[in-house]
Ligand code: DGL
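Okay, so here's just one chain, in structure tokens, the form predicted alone.
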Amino acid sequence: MQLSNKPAPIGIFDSGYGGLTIFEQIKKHLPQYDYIYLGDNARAPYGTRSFDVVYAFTLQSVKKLFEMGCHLVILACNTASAKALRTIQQNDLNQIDATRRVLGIIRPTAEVVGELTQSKHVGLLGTIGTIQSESYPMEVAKIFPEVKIVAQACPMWVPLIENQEHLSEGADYFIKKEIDALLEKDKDIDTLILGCTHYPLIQKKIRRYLPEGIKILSQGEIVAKSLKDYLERHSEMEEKCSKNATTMFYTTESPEKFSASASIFLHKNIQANHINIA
């Protein structure tokens, strides 16, 4: 793979649409940079797929973004961060280009949890894949070994959001059901991680069924601040990120379908392009 060394956009990857909630905050905090957003929507959701499949699909997308010039790629997907990031960082980057970087969204979230919880009991809501990976408990334990993570998978939440049923009264049943199940496991939870990038769209409903005083940790702003800090600390990478304030959207699905669904997350119309990555 012959890669360009010219300054290029920051790549942002997600299997579906939820990563747009991460992108929105990154763009808000770092508006001067160029971005390429790549959604592997044709093969979404990743949440129920095996580690090997998620790793293979994520690596294909990372390589595609590298081919498009990106020096830095953000996995704006909890499942990809949980199941693929470590292997890509440790095994693949040296073979592809040791100067390229791939960052995830679980570590930045884990880094702030211990500062927010008083009880040291933290709840985690996520897809089946993210919960089964145990990536959050492992990452938090490295930094805050005294913090206990209690997890609850929410298999219905992403389909409700992507089918635009999340604002319906019927969605409340599934939202309340999983929150009740989580709190039943541990009544001392005082901080809640939304471990899926879709969940900010139902944050108001989640809040409705939580006891007062429980803090909700949404990833977009955390990841954006972490990226800003990373670029300030790594000037060699910052110089490789082009700065024309542009964004290009690519999808492995229908561009029309992507644009329509993306408007739910970004609250504005965008134009997307089709791309093949396999």
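Computed from a predicted model, the values in this text were never measured in an experiment. Residue numbers here begin at 1 and follow the sequence given.
One more form of this protein should be noted, the form predicted in complex with D-glutamic acid, which is absent from this view; the next part is about it.
When you look in the model of the complex, the only residue of 206, 112, 158, 149 with a non-hydrogen atom within 4.5 Å of D-glutamic acid is 158.
The stretch from 184-192, 123-131, 94-102, 139-147 that comes within 4.5 Å of D-glutamic acid in the model of the complex, counting heavy atoms only, is 123-131. Interface residue remark: residue 220 is not counted as part of the site for D-glutamic acid in the model of the complex, having no heavy atom within 4.5 Å.
Mapping the unseen interface onto this chain, residue 73 falls outside it, with no heavy atom inside 4.5 Å of D-glutamic acid in the model of the complex. At a distance threshold of 4.5 angstroms between non-hydrogen atoms, residue 154 is out of contact with D-glutamic acid in the model of the complex. Interface membership of residue 45, defined by any non-hydrogen atom within 4.5 Å of D-glutamic acid in the model of the complex, is confirmed. Residues 77, 78, 79 are the ones in 61-80 with at least one heavy atom within 4.5 Å of D-glutamic acid in the model of the complex, listed in sequence order.
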